[in-house]
Ligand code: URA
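As a starting point, one isolated chain is supplied in structure tokens, in the form predicted alone.
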Amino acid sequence: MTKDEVRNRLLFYQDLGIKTIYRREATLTASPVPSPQPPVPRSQSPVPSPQPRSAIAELVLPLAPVHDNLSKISEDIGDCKRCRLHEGRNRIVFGSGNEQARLVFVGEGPGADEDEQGLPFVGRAGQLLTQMIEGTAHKEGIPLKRQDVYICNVVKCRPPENRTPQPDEMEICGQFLFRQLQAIRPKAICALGSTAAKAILGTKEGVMRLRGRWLEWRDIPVIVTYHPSYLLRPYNQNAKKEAWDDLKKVLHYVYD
């Protein structure tokens, strides 16, 4: 493994909140075993990393294979039973769209329609998201369709009664989300709602404080906006214009 590959692997673990990596003890040498290396210093990125947890630490080795891609990630997920969410799901909702997309949308988790079809954002919120992407692109003179972007969620199984995913569920599934984003390496990421923002940015701030600003994940610009399901509620009509403004900003950044 080259120095660059080692560095990228360590940065990937750092994004997951892993602060220390232990070396295996040598068994076929008479020389003293070297002391473990100190943790890699954190970068100066303004985006805070999530706190480390043992569930992530136990999965260090298989997290990011060299030359990772979406097919490998999906294969590694398999018939996932790593957390309680598998108990009530019908299908794993991995993600869909252009595997070389310049723009990735990240939502919270599958709903009933998504759980039934195995595809992200196919219910009412998904229909609105499609209208937002294609309608805004058309008005701005950008030749873009939904299939040109990539869409996925923080968790891949539907939470019971569409509840917010629990922190441990987000962390276990987060390794696969991070691998998806790293494999695609889009020009920008659009986080839909507070759950996606918290998972990607490791922040506790809500959408209203984060939206409209350029943030960052692993040197990839991130913009946060409202989840389409929030925009479907009748008392949130004022947020629609803000969401369209956010989308207009990210579309021009990526495709101009």
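These numbers were taken from a predicted model, which means no experiment stands behind them. One rule holds for the numbers: they count along the sequence shown, beginning at 1.
One more form of this protein should be noted, the form predicted together with uracil, which is absent from this view; the next part is about it.
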{"property": "Residue 108: touches uracil in the predicted bound form, heavy atom cutoff 4.5 angstroms", "result": "yes"}
{"property": "Contact flag, residue 171 vs uracil in the predicted bound form, heavy atom cut 4.5 Å", "result": "no"}
{"property": "Contact label in the predicted bound form: residue 218 to uracil, heavy atom within 4.5 Å", "result": "no"}
{"property": "Contact of residue 227 with uracil in the predicted bound form (heavy atom, 4.5 Å)", "result": "yes"}
{"property": "Region of this chain that lies against uracil in the predicted bound form, out of 108 to 116, 79 to 87, 137 to 145, 171 to 179 [heavy atom, 4.5 Å]", "result": "108 to 116"}
{"property": "Contacts with uracil in the predicted bound form - residues in 149 to 184 whose heavy atoms fall within 4.5 Å", "result": "153"}
